[in-house]
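There is one chain below, alone, in structure tokens, taken in the form predicted on its own.
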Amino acid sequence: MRKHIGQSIVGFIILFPIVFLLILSFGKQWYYPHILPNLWQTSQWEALFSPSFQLTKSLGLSLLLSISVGLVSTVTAFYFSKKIAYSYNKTTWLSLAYVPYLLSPIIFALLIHFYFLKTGLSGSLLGVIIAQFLICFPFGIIICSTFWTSQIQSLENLSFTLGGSTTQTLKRVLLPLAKSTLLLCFFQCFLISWFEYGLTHFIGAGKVKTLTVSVFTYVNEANPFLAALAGFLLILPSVLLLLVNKRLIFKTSKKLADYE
């Protein structure tokens, strides 16, 4: 009984902010001392289906940005993590991968902003993609480096011994085994990019209006209803990915345990 009560309390604490954002996104007017908005509307959700609505543009831009950063980071991290895993300086390279996380995103953005100004990338979508890649790529290296174990190296050598080419070994041996790791890496990089605000706002110079930037813009404009709608859209895909991510983490852990 106590266990069920505890689970209900935890479930309520987790779901309450999401449900409250959904309720608030239908609000039109909200005055004290009302607990909930005293006037309601659906026009904000209807406007979401209009391509000219700013929030719709921000949603599309965030999806494009996060998918691009996730894909590029995963592919490059998988390639370079193999080089690092098989090198003599593996520990040193992996330690360097943690360096970007020693600084806050704003401090990191201040350090690299000069080079983005010189190259004309400041205030552009490409500049934000490159800036977020600098954060996600080391994280991808940390995730993918766990895949390159001695067992994987033995399977790779066995494929070469049996006459398999580099391409055949990659397509028929390595990629099928690395599927869970690659998906996990992509989802993690996607979520980092999806929720990133400080670096995106600074390098994007306020011109690259992602969902996170839109949330703070609406809050500064004292528009809680659009801010709630933007916040709900920000949470929704990430909750779905987190559930998939959780399954992949357990699946990857089980696979690594089987190899050991």
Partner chain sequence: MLSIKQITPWKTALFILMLLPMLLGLSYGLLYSFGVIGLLNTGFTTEHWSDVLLNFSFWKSLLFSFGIGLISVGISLLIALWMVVNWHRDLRRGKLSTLIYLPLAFPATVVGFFIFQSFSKAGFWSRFLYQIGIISDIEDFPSVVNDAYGIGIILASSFIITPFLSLILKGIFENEHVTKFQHIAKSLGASQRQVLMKITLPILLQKAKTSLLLFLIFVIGSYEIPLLLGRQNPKMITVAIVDKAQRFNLNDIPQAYAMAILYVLFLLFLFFGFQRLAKLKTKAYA
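Note that this is a predicted model, so its numbers are computed, not measured. Residue numbers count along the first chain shown, from 1.
There is another form of the same protein, the form predicted together with the partner chain; it is not shown, and what comes next is about it.
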Heavy atom to heavy atom, is G231 within 4.5 Å of the partner chain in the predicted bound form?
yes
Closest heavy atom of L102 to the partner chain in the predicted bound form, within 4.5 Å or not?
yes
Do F26 and the partner chain come within 4.5 Å of each other in the predicted bound form, heavy atoms counted?
no
Is there a heavy atom of N89 lying 4.5 Å or less from a heavy atom of the partner chain in the predicted bound form?
yes
Work out which of L155, L111, L175, L126 lies within 4.5 Å of the partner chain in the predicted bound form, going by heavy atoms.
L111
Among 164 to 172, 144 to 152, 91 to 99, 177 to 185, mark the stretch whose residues have heavy atoms within 4.5 Å of the partner chain in the predicted bound form.
91 to 99
Using a 4.5 Å cut-off on heavy atoms, which residues of 128 to 146 contact the partner chain in the predicted bound form?
F133, L134, F137, P138, I141
